[in-house]
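Quick setup: one chain, the form predicted on its own, written in C-alpha coordinates, and binding and motion questions come after.
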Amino acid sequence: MALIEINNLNFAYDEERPTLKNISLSIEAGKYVALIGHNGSGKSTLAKIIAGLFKKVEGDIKIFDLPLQKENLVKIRSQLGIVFQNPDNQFVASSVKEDIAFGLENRAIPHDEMDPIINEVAEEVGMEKFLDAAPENLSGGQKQRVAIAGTLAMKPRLLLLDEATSMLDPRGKKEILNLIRKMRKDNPELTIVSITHDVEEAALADEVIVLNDGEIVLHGTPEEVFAHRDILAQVRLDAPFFDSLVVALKAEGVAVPDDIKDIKALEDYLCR
(Lines give C-alpha, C1' and ligand atoms only; values in the text may rest on other atoms or scores of the structure.)
Protein backbone atom coordinates (compact mmCIF):
# COMPACT_ATOMS: atom_id res chain seq x y z
CA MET A 1 0.00 0.00 0.00
CA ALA A 2 1.24 3.48 -0.85
CA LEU A 3 1.69 5.54 2.29
CA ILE A 4 2.53 8.64 0.22
CA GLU A 5 1.04 9.21 -3.23
CA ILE A 6 1.97 12.35 -5.17
CA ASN A 7 0.75 13.17 -8.66
CA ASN A 8 1.73 16.18 -10.80
CA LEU A 9 2.94 18.30 -7.89
CA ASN A 10 4.02 21.83 -8.74
CA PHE A 11 5.13 24.47 -6.26
CA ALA A 12 6.82 27.87 -6.39
CA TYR A 13 7.85 30.40 -3.76
CA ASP A 14 8.08 32.85 -6.64
CA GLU A 15 5.81 32.47 -9.69
CA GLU A 16 8.74 33.31 -11.95
CA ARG A 17 10.88 30.46 -10.56
CA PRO A 18 9.13 27.12 -9.92
CA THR A 19 10.71 25.12 -7.10
CA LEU A 20 9.08 21.75 -7.85
CA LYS A 21 7.95 20.70 -11.33
CA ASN A 22 5.50 17.89 -12.10
CA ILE A 23 6.61 15.65 -9.25
CA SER A 24 4.92 12.25 -9.23
CA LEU A 25 5.98 9.46 -6.91
CA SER A 26 4.69 6.71 -4.67
CA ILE A 27 6.26 5.57 -1.39
CA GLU A 28 5.15 2.24 0.04
CA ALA A 29 4.52 1.63 3.73
CA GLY A 30 7.52 0.26 5.62
CA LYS A 31 10.10 1.56 3.14
CA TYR A 32 13.21 3.61 3.89
CA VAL A 33 13.51 6.20 1.15
CA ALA A 34 16.38 8.65 0.74
CA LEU A 35 15.63 11.91 -1.06
CA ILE A 36 18.91 13.40 -2.26
CA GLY A 37 20.10 16.38 -4.27
CA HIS A 38 22.39 19.36 -4.01
CA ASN A 39 21.34 22.58 -2.27
CA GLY A 40 18.43 24.19 -4.06
CA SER A 41 17.25 20.96 -5.70
CA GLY A 42 13.89 21.14 -3.92
CA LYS A 43 14.25 18.17 -1.58
CA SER A 44 13.58 20.05 1.69
CA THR A 45 10.65 21.87 0.07
CA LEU A 46 9.15 18.51 -0.87
CA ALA A 47 9.53 17.31 2.74
CA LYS A 48 7.78 20.43 4.04
CA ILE A 49 4.93 19.92 1.57
CA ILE A 50 4.50 16.33 2.76
CA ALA A 51 4.30 17.70 6.31
CA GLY A 52 1.54 20.08 5.21
CA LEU A 53 3.50 23.27 5.86
CA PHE A 54 2.65 25.00 2.56
CA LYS A 55 -0.80 25.94 1.30
CA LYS A 56 -0.42 26.97 -2.35
CA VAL A 57 0.38 23.61 -3.91
CA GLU A 58 -0.76 22.35 -7.31
CA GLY A 59 -1.31 18.64 -7.72
CA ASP A 60 -2.80 15.68 -5.86
CA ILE A 61 -1.19 14.45 -2.64
CA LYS A 62 -2.39 11.68 -0.37
CA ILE A 63 -0.77 10.76 2.95
CA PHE A 64 -2.11 7.69 4.79
CA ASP A 65 -4.74 7.54 2.01
CA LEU A 66 -6.03 10.97 3.05
CA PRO A 67 -5.95 13.96 0.68
CA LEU A 68 -3.46 16.54 1.97
CA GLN A 69 -6.06 19.19 2.73
CA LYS A 70 -6.75 21.52 5.63
CA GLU A 71 -9.51 19.34 7.08
CA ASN A 72 -7.16 16.32 7.22
CA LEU A 73 -4.01 18.03 8.56
CA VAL A 74 -4.56 17.19 12.24
CA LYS A 75 -5.15 13.51 11.48
CA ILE A 76 -2.16 13.33 9.12
CA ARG A 77 0.22 15.13 11.49
CA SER A 78 -0.84 12.89 14.38
CA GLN A 79 0.75 9.99 12.50
CA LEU A 80 3.83 11.82 11.23
CA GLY A 81 7.06 12.70 13.03
CA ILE A 82 9.74 15.13 11.88
CA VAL A 83 13.37 15.43 13.00
CA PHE A 84 15.25 18.50 11.77
CA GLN A 85 18.95 19.07 11.16
CA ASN A 86 19.80 21.12 14.26
CA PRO A 87 19.01 19.12 17.42
CA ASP A 88 19.59 22.17 19.63
CA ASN A 89 16.52 23.81 18.11
CA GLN A 90 14.29 20.90 19.09
CA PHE A 91 14.80 20.83 22.85
CA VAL A 92 12.07 22.35 24.99
CA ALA A 93 12.86 20.94 28.44
CA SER A 94 15.68 20.81 30.97
CA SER A 95 16.21 17.04 30.91
CA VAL A 96 16.10 14.23 28.38
CA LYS A 97 13.13 12.61 30.13
CA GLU A 98 11.12 15.83 30.17
CA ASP A 99 11.89 16.46 26.54
CA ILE A 100 10.69 13.03 25.44
CA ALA A 101 7.57 13.57 27.58
CA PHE A 102 6.72 16.90 25.94
CA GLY A 103 4.76 15.48 23.01
CA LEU A 104 2.99 12.96 25.25
CA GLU A 105 1.86 15.76 27.53
CA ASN A 106 0.51 17.69 24.56
CA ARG A 107 -1.60 14.67 23.70
CA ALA A 108 -2.84 14.48 27.27
CA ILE A 109 -1.38 11.03 27.89
CA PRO A 110 -1.91 10.20 31.60
CA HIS A 111 1.30 10.56 33.61
CA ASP A 112 1.16 6.98 34.89
CA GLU A 113 1.26 5.81 31.26
CA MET A 114 4.16 8.05 30.25
CA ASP A 115 7.07 6.42 32.06
CA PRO A 116 6.80 3.03 30.27
CA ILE A 117 6.65 4.82 26.90
CA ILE A 118 9.60 7.10 27.74
CA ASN A 119 11.68 4.18 29.01
CA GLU A 120 10.85 2.10 25.92
CA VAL A 121 11.85 4.74 23.35
CA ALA A 122 14.91 5.84 25.35
CA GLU A 123 16.14 2.25 25.31
CA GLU A 124 15.30 1.96 21.61
CA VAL A 125 17.63 4.88 20.78
CA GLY A 126 20.27 3.91 23.36
CA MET A 127 19.67 6.86 25.71
CA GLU A 128 18.13 5.04 28.68
CA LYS A 129 21.12 5.98 30.89
CA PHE A 130 20.76 9.68 30.11
CA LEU A 131 17.14 10.37 31.09
CA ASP A 132 18.16 12.79 33.85
CA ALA A 133 20.89 14.48 31.80
CA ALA A 134 20.64 18.09 30.67
CA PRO A 135 20.47 18.36 26.86
CA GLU A 136 23.32 20.88 26.73
CA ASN A 137 25.67 18.25 28.17
CA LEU A 138 25.04 15.76 25.36
CA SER A 139 27.00 15.25 22.15
CA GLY A 140 25.43 16.13 18.80
CA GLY A 141 24.65 12.49 18.04
CA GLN A 142 23.09 11.99 21.48
CA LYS A 143 20.92 15.10 21.07
CA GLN A 144 19.66 13.85 17.73
CA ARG A 145 18.90 10.45 19.24
CA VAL A 146 16.81 12.18 21.92
CA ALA A 147 14.98 14.15 19.23
CA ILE A 148 14.22 10.89 17.45
CA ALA A 149 13.08 9.31 20.74
CA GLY A 150 10.63 12.16 21.31
CA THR A 151 9.21 11.50 17.86
CA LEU A 152 9.04 7.72 18.31
CA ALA A 153 7.15 8.20 21.58
CA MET A 154 4.25 9.49 19.48
CA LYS A 155 4.13 6.16 17.57
CA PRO A 156 4.27 7.70 14.07
CA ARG A 157 3.64 5.72 10.91
CA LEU A 158 5.90 8.05 8.94
CA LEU A 159 9.20 9.55 10.10
CA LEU A 160 10.67 12.47 8.13
CA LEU A 161 14.37 13.11 8.69
CA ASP A 162 15.20 16.55 7.29
CA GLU A 163 19.01 16.63 6.98
CA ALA A 164 19.12 14.94 10.38
CA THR A 165 22.84 14.10 10.13
CA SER A 166 24.11 17.19 8.30
CA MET A 167 25.30 19.05 11.42
CA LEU A 168 26.88 16.05 13.12
CA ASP A 169 30.52 15.04 13.23
CA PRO A 170 31.46 11.62 11.74
CA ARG A 171 30.89 9.86 15.06
CA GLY A 172 27.47 11.43 15.55
CA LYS A 173 26.51 10.65 11.96
CA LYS A 174 27.52 7.02 12.42
CA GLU A 175 25.39 6.85 15.59
CA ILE A 176 22.30 8.04 13.73
CA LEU A 177 22.83 5.75 10.74
CA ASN A 178 23.21 2.79 13.10
CA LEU A 179 20.04 3.92 14.87
CA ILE A 180 18.15 4.02 11.57
CA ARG A 181 19.21 0.42 10.93
CA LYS A 182 17.99 -0.56 14.41
CA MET A 183 14.68 1.30 14.03
CA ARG A 184 14.01 -0.51 10.78
CA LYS A 185 14.62 -3.85 12.46
CA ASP A 186 12.53 -3.00 15.53
CA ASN A 187 9.73 -1.21 13.63
CA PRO A 188 9.31 -2.92 10.25
CA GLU A 189 6.06 -1.03 9.59
CA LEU A 190 7.66 2.39 10.13
CA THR A 191 8.16 4.35 6.91
CA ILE A 192 11.24 6.58 6.87
CA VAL A 193 11.85 9.39 4.38
CA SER A 194 15.30 10.92 4.81
CA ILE A 195 16.14 14.20 3.10
CA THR A 196 19.90 14.25 2.72
CA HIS A 197 22.84 15.25 0.55
CA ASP A 198 24.90 12.35 1.93
CA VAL A 199 25.16 9.57 -0.66
CA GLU A 200 26.67 7.21 1.92
CA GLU A 201 23.46 7.50 3.93
CA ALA A 202 21.34 7.13 0.80
CA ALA A 203 23.13 3.87 -0.04
CA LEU A 204 21.50 2.29 3.05
CA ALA A 205 17.95 3.01 1.88
CA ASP A 206 15.48 0.76 0.07
CA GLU A 207 14.89 3.43 -2.55
CA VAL A 208 16.71 6.59 -3.62
CA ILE A 209 15.05 9.59 -5.26
CA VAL A 210 17.38 12.13 -6.87
CA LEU A 211 16.07 15.66 -7.33
CA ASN A 212 17.69 18.30 -9.49
CA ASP A 213 16.29 21.76 -10.20
CA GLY A 214 12.89 20.72 -8.84
CA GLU A 215 12.54 17.57 -10.94
CA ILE A 216 13.04 13.87 -10.28
CA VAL A 217 15.96 12.70 -12.40
CA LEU A 218 16.44 9.22 -10.91
CA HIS A 219 14.29 6.91 -8.74
CA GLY A 220 15.08 3.32 -7.89
CA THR A 221 17.08 1.07 -5.61
CA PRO A 222 20.52 2.34 -4.54
CA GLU A 223 22.11 -0.11 -6.97
CA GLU A 224 19.99 1.18 -9.84
CA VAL A 225 20.44 4.86 -9.03
CA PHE A 226 24.17 4.82 -8.33
CA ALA A 227 24.85 2.89 -11.51
CA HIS A 228 24.01 6.12 -13.39
CA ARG A 229 27.33 7.77 -12.64
CA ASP A 230 27.03 10.07 -15.65
CA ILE A 231 23.70 11.52 -14.50
CA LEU A 232 24.95 11.85 -10.92
CA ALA A 233 27.95 13.81 -12.18
CA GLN A 234 25.66 16.12 -14.15
CA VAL A 235 23.68 16.95 -10.98
CA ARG A 236 26.87 17.34 -8.90
CA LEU A 237 26.54 14.19 -6.82
CA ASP A 238 29.15 11.50 -6.26
CA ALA A 239 28.54 7.79 -6.04
CA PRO A 240 29.02 6.24 -2.57
CA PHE A 241 32.60 5.31 -1.70
CA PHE A 242 31.89 1.58 -1.83
CA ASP A 243 30.36 1.81 -5.32
CA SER A 244 33.29 3.91 -6.55
CA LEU A 245 35.75 1.41 -5.07
CA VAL A 246 34.06 -1.54 -6.80
CA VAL A 247 34.12 0.32 -10.14
CA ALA A 248 37.84 1.07 -9.67
CA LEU A 249 38.61 -2.55 -8.79
CA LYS A 250 36.74 -3.83 -11.84
CA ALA A 251 38.63 -1.34 -14.03
CA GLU A 252 41.84 -2.98 -12.77
CA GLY A 253 40.56 -6.41 -13.69
CA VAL A 254 39.44 -7.51 -10.21
CA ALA A 255 36.21 -9.51 -10.42
CA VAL A 256 33.83 -8.46 -7.63
CA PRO A 257 30.68 -10.60 -7.26
CA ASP A 258 27.39 -8.69 -7.41
CA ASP A 259 26.24 -10.07 -4.04
CA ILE A 260 29.01 -8.18 -2.17
CA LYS A 261 27.36 -5.06 -0.80
CA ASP A 262 29.67 -3.61 1.86
CA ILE A 263 33.32 -2.99 2.74
CA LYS A 264 33.56 -5.83 5.26
CA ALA A 265 32.27 -8.40 2.76
CA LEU A 266 34.62 -6.99 0.13
CA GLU A 267 37.61 -7.22 2.47
CA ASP A 268 36.73 -10.82 3.33
CA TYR A 269 36.42 -11.67 -0.37
CA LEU A 270 39.72 -10.03 -1.36
CA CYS A 271 41.63 -11.56 1.59
CA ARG A 272 40.36 -15.09 1.23
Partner chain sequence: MPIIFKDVKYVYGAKTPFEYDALNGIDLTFEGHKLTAIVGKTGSGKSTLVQHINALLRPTSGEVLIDDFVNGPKNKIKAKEIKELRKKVGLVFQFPEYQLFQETVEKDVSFAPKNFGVPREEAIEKAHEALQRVGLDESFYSRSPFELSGGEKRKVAIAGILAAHPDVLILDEPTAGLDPAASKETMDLFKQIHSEGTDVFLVTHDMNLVARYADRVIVIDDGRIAFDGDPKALFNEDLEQYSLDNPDIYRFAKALTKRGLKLPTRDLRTVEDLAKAIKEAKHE
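Numbering follows the first chain given and starts at 1. The shown structure was predicted, so the numbers you read here are calculated from the model rather than taken from an experiment. Take the two forms, superpose them, and find the largest set of C-alpha atoms that agree within 1.5 Å; that set is the rigid core.
One more form of this protein exists, namely the form predicted in complex with its partner chain; it is left out here, but the text below deals with it.
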I'd like to know whether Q69 contacts its partner chain in the model of the complex, with contact meaning heavy atoms within 4.5 angstroms. no
Is there a heavy atom of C271 lying 4.5 Å or less from a heavy atom of its partner chain in the model of the complex? yes
If we define contact as a non-hydrogen atom of the residue within 4.5 angstroms of the partner, is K185 a contact of its partner chain in the model of the complex? no
Against its partner chain in the model of the complex, would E123 count as a contact residue? Criterion: heavy atoms within 4.5 Å. no
Residues in which of 58 to 66, 32 to 40, 214 to 222, 201 to 209 have heavy atoms within 4.5 Å of its partner chain in the model of the complex? 32 to 40
Exactly one of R181, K155, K174, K75 comes within 4.5 Å of its partner chain in the model of the complex through a heavy atom, and that residue is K174
Can you tell me which bits of 241 to 272 touch its partner chain in the model of the complex, meaning any heavy atom within 4.5 Å? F241, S244, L245, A248, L249, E252, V254, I263, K264, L266, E267, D268, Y269, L270, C271
When you overlay the rigid core, is the Cα of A233 off by 2 Å or more between this form and the one not shown? no
Using a superposition on the rigid core, decide whether the Cα position of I6 changes by 2 angstroms or more between this form and the one not shown. no
